[in-house]
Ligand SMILES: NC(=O)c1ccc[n+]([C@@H]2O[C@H](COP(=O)([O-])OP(=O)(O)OC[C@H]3O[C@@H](n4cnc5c(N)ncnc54)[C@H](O)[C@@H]3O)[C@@H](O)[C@H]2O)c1
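What follows is a single chain, given as structure tokens, in the form predicted alone.
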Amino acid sequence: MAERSDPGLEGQIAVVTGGASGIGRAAVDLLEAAGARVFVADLNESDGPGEFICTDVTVDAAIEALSETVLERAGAPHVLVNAAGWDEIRPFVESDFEFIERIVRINLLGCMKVTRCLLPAMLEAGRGKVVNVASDAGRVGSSGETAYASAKGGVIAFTKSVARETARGPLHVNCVCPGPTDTPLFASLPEKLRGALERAIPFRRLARPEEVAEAILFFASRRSDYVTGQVMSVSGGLTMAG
């Protein structure tokens, strides 16, 4: 078997929001293993690799502080992974304004604002990979997750639009859409719903966080140097169309 090619991340600077657990944590592990210096931006301190910066992506001042800290310590990042996210299964008619706004602030506006703060430095440096973690719910919709699916659909549209604006940078902006994944967030769902989702997946199992992180690593690495504005579903075949 041929050896796996070097992703070309040795000595690069990476920022991962939501990097303390789940898919974000798995991405931090892979990026650091590939040689990157990783900043972990999360509300909860990580016991894993990377340099932790306490960050609430719903608070503008915290996002600005994250950007300033990274730029002061390391300069413009080579890689930005927007993996922070949150959801709760709730019928739309039972979703009050506060809940809807929280979903949108965390899943869409946080992604947009973190990118907005770090993008100028990346453009000035003339290189960079932005990888946004959306969801297949944003591609095809999801019952009980209307606010979340809407926010993640916004992340997909944001990815494509920023990719168009920055291609001459040249920057690369792409999006990974996980399906049901074995994370703490998924474990918080009702058992009956978890079982139904797992049975609906053609592979008959959940994704492992590291499997989604492999797609993130692809977009973060030189393997995707001619790829931008793309959306990759990692769902075990659950959403083959849409």
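When you see a residue number, it is the position in the sequence shown, counting from 1. Since the model is a prediction, treat every value here as computed from it, not as a measurement.
This next part talks about the form predicted in complex with the named molecule, which is not shown.
- Contact with the named molecule in the model of the complex, defined as a heavy atom within 4.5 Å, holds for exactly one of Leu118, Ala149, Ala84, Ile103, namely Ala84.
- The chain is drawn here without the named molecule; in the model of the complex, the stretch among 118 to 126, 93 to 101, 157 to 165, 131 to 139 whose residues come within 4.5 Å of it by any heavy atom is 131 to 139.
- Among heavy atoms of Asn174, none comes within 4.5 Å of the named molecule in the model of the complex.
- Although the partner is absent from this view, Thr55 contacts the named molecule in the model of the complex, with a non-hydrogen atom inside 4.5 angstroms.
- Within this chain, Gly50 is remote from the site of the named molecule in the model of the complex, having no heavy atom within 4.5 Å.
- The shortest heavy atom separation between Ala20 and the named molecule in the model of the complex is within 4.5 Å.
- Contacts between 166 to 194 and the named molecule, taken as any heavy atom within 4.5 Å in the model of the complex, involve Pro178, Gly179, Pro180, Thr181, Thr183, Pro184, Leu185, Phe186.
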